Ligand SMILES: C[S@@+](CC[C@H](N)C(=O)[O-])C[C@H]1O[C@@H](n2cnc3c(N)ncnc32)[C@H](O)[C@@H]1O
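Just one chain is shown here, as structure tokens, and it is the form predicted on its own.
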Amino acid sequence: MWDRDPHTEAKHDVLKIYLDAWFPIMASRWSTGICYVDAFAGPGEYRDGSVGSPIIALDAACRSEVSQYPTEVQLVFVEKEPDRFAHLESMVVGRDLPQRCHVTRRLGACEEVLLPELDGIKASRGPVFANFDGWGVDTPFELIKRVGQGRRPEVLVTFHSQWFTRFAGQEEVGAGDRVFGDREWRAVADLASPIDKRRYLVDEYRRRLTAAGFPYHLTFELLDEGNHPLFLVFGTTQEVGVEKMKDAMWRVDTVSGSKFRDPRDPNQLAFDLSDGDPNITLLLQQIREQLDQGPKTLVELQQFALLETVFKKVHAKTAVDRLEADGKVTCRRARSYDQFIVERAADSLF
């Protein structure tokens, strides 16, 4: 076991909030079974006794809000290190589980044992949430593609900072080819700016997620009080999945000192998330850039905020109101309030 980093704690808070909603919703709607996967499960807890992602998921799956439904709930934990696996086993074996909740543990590398296990339990018949919480760049894209072939798949992939620094320098290109699934990402070497390289890699991975069966995705960074980054990518087949994941993000306790950052933001602004008094500085900039391309409806700006930023739909209206009050935009009201047209003010220099 080892100490849990502060940004890992924040990530686990996001995961817990999301899974507490995901398990009962999926169990109530799918009679074919649901499945949670932890591909890099670890020992199940940290040195201070706080639990890791597999136990967070198991606790969420065992709640009465889930077990009241007749669907089968499968949890698959994969860990390749024998000592970590043994400790995880000790935390699961003998636990009193609901009748239709089943936990499978597999010792081995996820690229070798995960797919046969998922095929064996016919996980693709129902929703699958796969957590690929690796140490760096150890999630093969072939696994992402296979999970994406299911009926209602979702993935959460963790990358550490070396995902950018290593690949941007084209070192260990074999690892990069496995993560991206091909060699096209190597064009990043033609870019001069580190910020351009970073954004290129993020956009390339998002593009591949779409091709793999995840048309909706969310990318964000968690920063702890030491400014250590943890980069996360969430992919889903449903727009509502992005909404629920953002709800989880924005509910994480800001007292912990963690901040968020949009990895595609060239200015790399870091900010706290708080629904009470949201810091929308970045969103103001992003909406202004959208309006540089021409007028937009409020609905279009809400969709942009949801699918292309770390902000929620409701924040788009807040941003438009602020820009209008500052004389930066004008709003032409339509028959439907949500459909009013937003455009740059004629005398605004943005």
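On a predicted model such as this, the values are computed, not experimentally measured, just so you know. A residue's number is simply how far along the shown sequence it sits, counting from 1.
Unshown form predicted together with this ligand; subsequent notes refer to it.
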Next on the checklist: To verify the annotation, which of these, Val78, Val179, Ile280, Val202, has a non-hydrogen atom within 4.5 Å of this ligand in the predicted bound form?
Outcome noted: Val78
Checklist outcome for this item: In this chain shown alone, the residue from Arg198, Arg152, Arg146, Arg84 with a heavy atom within 4.5 Å of this ligand in the predicted bound form is Arg84
Checklist entry - With the partner left out of view, is Ala123 within 4.5 angstroms of this ligand in the predicted bound form by any non-hydrogen atom? => result no
Next on the checklist: Even though the partner isn't displayed, in the predicted bound form is Lys16 close enough to this ligand, meaning a heavy atom within 4.5 Å?
Outcome noted: no
Checklist entry - Would Gly33 count as a contact of this ligand in the predicted bound form, using a 4.5 angstroms cut-off between non-hydrogen atoms? => result no
Checklist entry - Does His12 reach this ligand in the predicted bound form if we count a contact as any heavy atom within 4.5 Å? => result yes
Next on the checklist: Just to confirm the contact call: exactly one of 62-70, 48-56, 307-315, 292-300 touches this ligand in the predicted bound form at a 4.5 Å heavy atom cutoff, so which is it?
Outcome noted: 48-56
Next on the checklist: If you apply a 4.5 angstroms heavy atom cut-off, which residues in 111-135 are near this ligand in the predicted bound form?
Outcome noted: Glu111, Asp133, Gly134, Trp135
